[in-house]
Every structure is written in C-alpha cells, then in structure tokens.
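Shown next as structure tokens: one chain only, the form predicted alone.
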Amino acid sequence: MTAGAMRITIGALVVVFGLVIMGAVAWLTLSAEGPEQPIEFMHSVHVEQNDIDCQFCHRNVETGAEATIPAVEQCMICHKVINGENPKVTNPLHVAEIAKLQAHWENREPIDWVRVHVMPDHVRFVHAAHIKAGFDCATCHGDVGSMERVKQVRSLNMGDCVGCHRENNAPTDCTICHR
C-alpha cells in the first residue's frame, strides 16, 4: 500500500470512528433515561417539591452564553442544612446522594457531571438571549422537573433551531449561531 493510500485509509477510519462516537453521544442523550450521573440529582425534588426556579442553580443563564452546571459550592448553600441528618430527608436514596455531594464538598472535589444537551463545537448558543426573549427552559429542555434523570428531548440540530427561529421571527443569519 502506498503512503498516499495509507493516509486516505487512516483518514477514512478517523471519520468513521468520529461518526460512531457522535452517534453514541446522540443515542445516550436522546435515550429514554438520559445518561447516568455521578450523583443522582433529583430535579423533581428541587423543582416540583421545593419550587426552586431553574435560574437559582443555573445562575449564569441570564447573563452568559452558557447556563452552567452549578459548582459544589452552589449546592452546599442549601445542603449544609438539608442533609442526611435533617428530619425532612427521610428517603434513603436522597440521604445517600446528599452524602455523595457532601463528600465532594469535604474533599474539595468537583462533580464530573455528564453533559446532557450536546451541540457541535462550532455552534454558539446563547441562553441569555433566549431567556430575555421570554422562552421558558422547558421549550428546549422539556419538563426537567418531572424527569427521573435528565435527558435531551429535542434534537437541537440545525433544522430544529432554524425552524424555531423562523416560527418566532428571530434572525436566521448563519453568523448568529455559527462561529
């Protein structure tokens, strides 16, 4: 095999491998349950039972491009008081997951959350612009408050986004979203 043919073969294998990885990521995020997380964070307890707004934890969503996943310090604002010793926490699963959170806090370790809503690197999605336009988080993320495990409910591909922009008279210029 010539060097040129070898490069083409390797290049083709890299492309195929990349497509397999992208397919696996898409399958995981669009699967029935969503990806497993290091701590089973129960949005239903926080959102439905305790009526905590998305923006309380995802604070950067109104001002930055990314919504950001809360740091351990953010979680501990509440969980210094609401812990396994708190009489209101009676579910053994909740006690165990709060203990995991507290261990991260005590060991000064970040939580390596698995990203759920994945967009290509060349796409720039600015949450703040959508929040300011009056869109509810559920428009793209679904009813996260009732999910056992967060999962991606919309494809969030170009057609999905362009369709939404057209329906809402938002700009469709390529440079709005593409870097």
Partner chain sequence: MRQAAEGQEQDTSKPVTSIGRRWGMVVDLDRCTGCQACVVACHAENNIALNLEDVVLQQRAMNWIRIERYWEGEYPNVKARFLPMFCQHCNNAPCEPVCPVYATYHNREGLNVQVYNRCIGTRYCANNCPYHARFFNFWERDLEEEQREYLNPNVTVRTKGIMEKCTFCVQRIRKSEWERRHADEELQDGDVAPACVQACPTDTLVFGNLEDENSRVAKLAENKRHYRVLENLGTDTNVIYLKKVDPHASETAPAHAGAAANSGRNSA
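Residue numbers count along the first chain shown, from 1. All of these numbers come straight from a predicted model, not from anything done at the bench.
We do not show the form predicted in complex with the partner chain, though everything after this point is about it.
Query raised in the report: Which pick from E33, D136, D53, D121 sits with a heavy atom within 4.5 Å of the partner chain in the predicted bound form?
Result: It is D121.
Query raised in the report: Looking at V144, V153, V45, A128, which has any heavy atom no more than 4.5 Å from the partner chain in the predicted bound form?
Result: So the residue touching the partner chain in the predicted bound form, by this definition, is A128.
Report task. Please run the contact check for E148 against the partner chain in the predicted bound form: heavy atoms, 4.5 angstroms, yes or no? Result -> Answer no; every heavy atom of E148 is more than 4.5 Å from the partner chain in the predicted bound form.
Query raised in the report: in the predicted bound form, does Q49 have a heavy atom within 4.5 Å of the partner chain?
Result: Flag for Q49 set to no.
Query raised in the report: Is C140 close to the partner chain in the predicted bound form, meaning a heavy atom pair under 4.5 Å apart or at it?
Result: The answer is no: C140 has no heavy atom within 4.5 Å of the partner chain.
Requested in this report: Would you give me the residues of 157-176 that have any heavy atom within 4.5 Å of the partner chain in the predicted bound form, in order from first to last?
Outcome: Going through 157-176 in order - heavy atoms within 4.5 Å of the partner chain in the predicted bound form - the hits are D173, C174, T175, I176.
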